[in-house]
Each structure stands twice: as structure tokens, then as C-alpha cells.
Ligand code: PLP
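Coming up is one lone chain in C-alpha cells, specifically the form predicted alone.
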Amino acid sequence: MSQPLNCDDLKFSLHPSVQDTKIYKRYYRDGRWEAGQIVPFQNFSLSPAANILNYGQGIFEGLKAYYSSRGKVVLFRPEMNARRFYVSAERLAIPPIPPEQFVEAVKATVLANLDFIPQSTDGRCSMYLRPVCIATEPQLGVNAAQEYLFYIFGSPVGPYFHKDPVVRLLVTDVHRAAPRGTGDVKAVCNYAVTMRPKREAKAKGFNDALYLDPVHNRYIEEAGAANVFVLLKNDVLVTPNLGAILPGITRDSIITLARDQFGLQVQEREVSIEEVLFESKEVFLTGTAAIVASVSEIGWKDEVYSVNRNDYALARQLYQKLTGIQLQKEPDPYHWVVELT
């Protein structure tokens, strides 16, 4: 690159400089994973009959590489992404990548792209990494493929929300996932169903959709690509239990911090939409991209309800604690941060 990336010019989108980056690529053929390699960013050639194109046999992950306040290039809990990628692969009948090999591949990708990590030490900008595994074998019958491509690419990105991270959600009548399905893994097919509800929510002035469970159509599950937390009036923090929702890494980190650092009682259980709207002090979302985003209003059954009864205080405190650890501004008692340089 001719000059350092300016964080103020970056958005959370694919940056043009991605064309100049290096990617990690590794094939599964003849019953084994071949050696991986770092290669220039490139397009892939696929048969029109490739399994991923016809039957959606594919998985992905998302994580960030960034500069900490100490000037170190770091990752945050990459072993959690590795374990989730492994579980996702097993669920979709994909030959899994051993977690330690996944982490080494991520590290190799970051080290090959140091020039593309924005020089920001306040957490606003980073290189967003996308590990992906897709079934490449051409076939007509509905069967697990025998050939796969595992690759990792990265793009410089800015903050997920340019302004104050406060969002408005619209409860949708679309169901994102079913019990005992693939809602708790990062399957590529999970996300297509969220695109129309998100578009419709934005058309009505909201930022994203909020999904209810498919059995009772009453209990909250997730937003489009984020887990949900609710601080109740009795100061108990609740979040939907795992099963049909994604086990978010930021979700897990927030649960740990809320219990250990703030002394809060945290419950993982069913949370009805009525409880969210009428018994909450505060509602917020968590995810790798947004980290922690407060919710101001929720639309449900043609009414809009304010859920901001605490001035977003807990979300802000948790955000500061989490990013303080991520940026090495505060002690890391959990050994979550992995230094690469």
C-alpha cells in the first residue's frame, strides 16, 4: 500500500484495497486436507453444479485483527471461532479443520496482511477476517460433497455504526431458525432468510429485525446477526438460552464480564417479547462486528415501544470493560487477547 489507511474514511464494508491483500487457501481432496498456502487475493472457479451453489453446503466465521493500545497486532479469542467452525463443519457433514490448524491459518493470514490493518489503537478500525469453507464438488444428487475449499480473506473496516451505537428493532413474523436445525452454527444458508426482514425493517425506519421463536412465536431469539441481552427492572440480566441461536463469542464474553466484573445475576432462559417491552430497564445487542449496541425502541404489532429506561448505562459500561481488555488498556484475567506481533 502506498499510504496508511485512514480510520476516519473506513466503513464496515468491503474495502477496495482487499484486491491487494493475501488470502489463505486450502483444499480437501482425495479424502484429506492438503497443505494450506498464502496466495494473492483471487477469484475462484466453480462448476455450475458445485454443491455450495446448489445445496448451500458451506460455513463461515468472523473475527478481527487490530492494533491494541500497546501497538501490538492482536486477535480476540480466536480459539472460540476455531471450535465453533469445527462444530459447524460437523453439523453440515464437512470434514472439520482441527481448531489448532484453524488458528494457525488465521494467524498466517493476518501476518501476511499487516499493511492492511488500520493504524488505530482505539478499537474503531480493524481488519475483519472471514474464514469460509465451501463444498466445491459438482454433483446433482443431494449428498455431502467429497471436495472442499477452506479459505480466509480479510478487509480493512471501520466501526459497524458510524454514530452512537443505538439501534431500533422491528419484530418480524419471519422465523430465522428451527429447533434442532442449523440456527446455532454459522451455516451460509442461515443468513439468506434474514435479508428480506432486514430490508423491510429499514424501509420502516428501523435498523434491523428481531426474531421470535418458531414454536410459540413469543420468545425472542436474535437480531439479524447479533445476540440479545435484556436488563430487567430487578437488575437481573437475561439472554436467550442456547439451542437454536448462535453461541456468540461476544455473548459469552459479556456473560462472563457481567458476572465477574459487575456482580450481576445472569440468566440464560426463554425471554418473552412482553417481558422485553414492559419489564426491561435496558436492551442491547452483542456481536463481533458491533461489539455492544444499545436498543432504543422496538416495533411490535404496529406499535413502537421505548426500551431505553436506563440511559444505556450497563451497555456502555460493558462495552468499555470489554474493549478495555481487547485493546490491552486493562488487565486480561481470562487470557482472551492473543498477540501476533
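The first residue of the sequence shown is number 1, and the count goes up from there. Computed from a prediction, not measured in an experiment: that's the story for all the values here.
Below: the form predicted in complex with the ligand, not depicted.
Visitor: Which of T239, S88, T172, T250 has a heavy atom within 4.5 Å of the ligand in the predicted bound form?
Guide: Flagged contact: T250.
Visitor: Among the candidate residues A223, A105, A258, L212, which is the single one with a non-hydrogen atom no more than 4.5 Å from the ligand in the predicted bound form?
Guide: For this set of options, the contacting one is A223.
Visitor: Since the chain is shown here on its own, which stretch among 30 to 38, 51 to 59, 280 to 288, 66 to 74 would lie within 4.5 Å of the ligand in the predicted bound form, judged by heavy atoms?
Guide: Looking at the partner contacts, the answer comes out as 280 to 288.
Visitor: At 4.5 angstroms, heavy atoms only, are K186, Y191 and N227 all close to the ligand in the predicted bound form?
Guide: Yes.
Visitor: At the 4.5 Å heavy atom threshold, is L246 in contact with the ligand in the predicted bound form?
Guide: Answer yes; at least one heavy atom of L246 falls within 4.5 Å of the ligand in the predicted bound form.
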